[in-house]
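Just one chain follows, in the form predicted on its own, and it is written as structure tokens.
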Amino acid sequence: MQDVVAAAGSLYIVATPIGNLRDITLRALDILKTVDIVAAEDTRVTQGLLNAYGLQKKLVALHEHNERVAAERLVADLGEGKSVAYVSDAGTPGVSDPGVHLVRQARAAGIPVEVIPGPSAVAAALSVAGMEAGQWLFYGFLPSKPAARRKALEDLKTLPYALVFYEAPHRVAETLDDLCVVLGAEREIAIARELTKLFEQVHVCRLAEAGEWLAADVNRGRGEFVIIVQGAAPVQADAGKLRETLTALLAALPLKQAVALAVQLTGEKKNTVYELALELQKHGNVDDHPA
């Protein structure tokens, strides 16, 4: 298999290891080796990665404080035919990391943008949590101020999806307390810290137990965290209320529309509502309505 070579005038968004430097992909190394410029969230961190693989490259800083200005300069370089790779400190750029403005400006200028996928803290945590998470919502970092954080959690409280957060070590204890108070003590939580690093740890428990587990060892509060919380249990519609709602809707709407609206109003499963609708029509509880 031939090595990949960076194309002139192209921007590459490159995922890098979230801890263990051996997790970098061969394709990422090919691109980092052959681009003209490597733009980095922190040039010191990226220099360490490049040194580990014997790569000498021109480094340019692009971080949250200079992203728009730095992006303009890089787009100009790309327009002159230079190839650019952008990397964040760890993981995939643009996911709770800088990179969004660079991509937008490059696309607006008609510059090819290519992703070099690889490590992701979110995907890594989900894969080892052992939690049912066919559907999940990545929130990123919750607000740092307590009142705003609790308000954000109230907005997420009833969602049926697994909730995925990033959290900093100096706020993780407060966040676990708020998660328990707002979302409920019985939900399952997976606390993943320092993924792929020497002191990697994943702990699964009830939210009621999370704060105590964290406080039991000072080392558990160190590092970078991914937190996954079980989604809200589906709200079971009251059978009598569902029948009453569906009867009224069927009297005014075609079957398909009545069922769809009843599902939205009650949160009940579509198949359950549809079967009840057929039963109501069959026994003459409602008049047939044109489909």
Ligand code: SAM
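Everything numeric here is computed off the predicted structure, so don't read it as measured data. One rule holds for the numbers: they count along the sequence shown, beginning at 1.
Heads up, the form predicted together with this ligand isn't pictured, but that's what we're talking about next.
Of the candidates Asp30, Asp42, Glu67, Glu224, Glu224 is the one whose heavy atoms come within 4.5 Å of this ligand in the predicted complex; the others do not. Among Asp77, Asp178, Asp97, Glu188, the residue placing a heavy atom within 4.5 Å of this ligand in the predicted complex is Asp97. This ligand in the predicted complex comes within 4.5 Å of a heavy atom belonging to Tyr166. Among residues of the shown chain, Arg73 is not one whose heavy atoms approach this ligand to within 4.5 Å in the predicted complex. Shown alone here, Phe199 lies farther than 4.5 Å from this ligand in the predicted complex, counting heavy atoms only.
This ligand is not shown here, and in the predicted complex it never comes within 4.5 Å of any heavy atom of Leu276.
With the partner omitted here, the stretch from 225 to 233, 257 to 265, 44 to 52, 244 to 252 that lies within 4.5 Å of this ligand by heavy atoms in the predicted complex is 225 to 233. Each of Ile18, Ala121 and Glu194 comes within 4.5 Å of this ligand in the predicted complex, counting any heavy atom.
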